[in-house]
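One chain is shown next in structure tokens, namely the form predicted on its own.
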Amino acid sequence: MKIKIVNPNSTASMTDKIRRCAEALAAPGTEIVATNPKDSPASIEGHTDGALAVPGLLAEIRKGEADGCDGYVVACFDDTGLDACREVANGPVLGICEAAMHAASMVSSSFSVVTTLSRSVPIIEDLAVKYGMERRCRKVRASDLPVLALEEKGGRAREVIRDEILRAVREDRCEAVILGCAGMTDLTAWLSAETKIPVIDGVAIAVKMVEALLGAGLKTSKVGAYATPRAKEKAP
């Protein structure tokens, strides 16, 4: 099977990191393709960045359909453009927030999310409600790290995130923590060892869930909400 991961922002170093982590855990026989639009914002931090990223994201999904991809992962924790991607794709399309929250609910009775900037908190809180996870989600926490700080060599990003996870366990009494940014994917193993709780990376979970859905022969329903978009001519 061929799974395409689309990082909706335009930071290629993040895309490469996501690809390496996904390849390390993909099942034998699974081909991982990771791409990003070239004209999207460098990072997605808020509603405007997300809206600007959607056209390039949809173009990458359409390319995937032409290239024979079987399933997709949208590697932004805001689940940017997820519903629109499902209209365009035939195979399953998973967002990393939705995948991670469902996984957390299967291995714990409660979880908190540690994300980047505080402006992302209300977006993730709304997603928890959308996915029916508000009862399980104890709190969405901001580490106050810009997304691109996760790409800096020699920075203290992982220590900042670790300390926020430990605060979440202590103050929120959560049993698991979800990493609220695709750029944190390479920190998962270290953070799990440091904090001694399940630390959940949505990229990893989404890849494995797409494999499972494809293995079960499932595709995106084209009846109703995710029906293929109607072709329309441009207005004169």
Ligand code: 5HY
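Throughout, we count residues from 1 along the sequence that is shown. All of these numbers come straight from a predicted model, not from anything done at the bench.
What comes next is about the form predicted together with the named molecule, which does not appear here.
This chain is displayed without the named molecule, yet in the predicted bound form the stretch 43-51 from 23-31, 168-176, 185-193, 43-51 comes within 4.5 Å of it by heavy atoms. Distance criterion of 4.5 Å from any heavy atom to the named molecule in the predicted bound form singles out C76 from the list A100, C85, V73, C76. Residues V6, N36 and I61 are none of them found to lie within 4.5 Å of the named molecule in the predicted bound form, as judged by heavy atom distances. Under a 4.5 angstroms non-hydrogen atom cutoff, the named molecule in the predicted bound form has S120 among its neighbouring residues. For V147, a non-hydrogen atom is located within 4.5 Å of the named molecule in the predicted bound form, even though that partner is not displayed. In the predicted bound form, C181 approaches the named molecule with a heavy atom inside 4.5 Å.
Looking at 115-137, the residues that come within 4.5 Å of the named molecule in the predicted bound form, counting any heavy atom, are T115, T116, S120.
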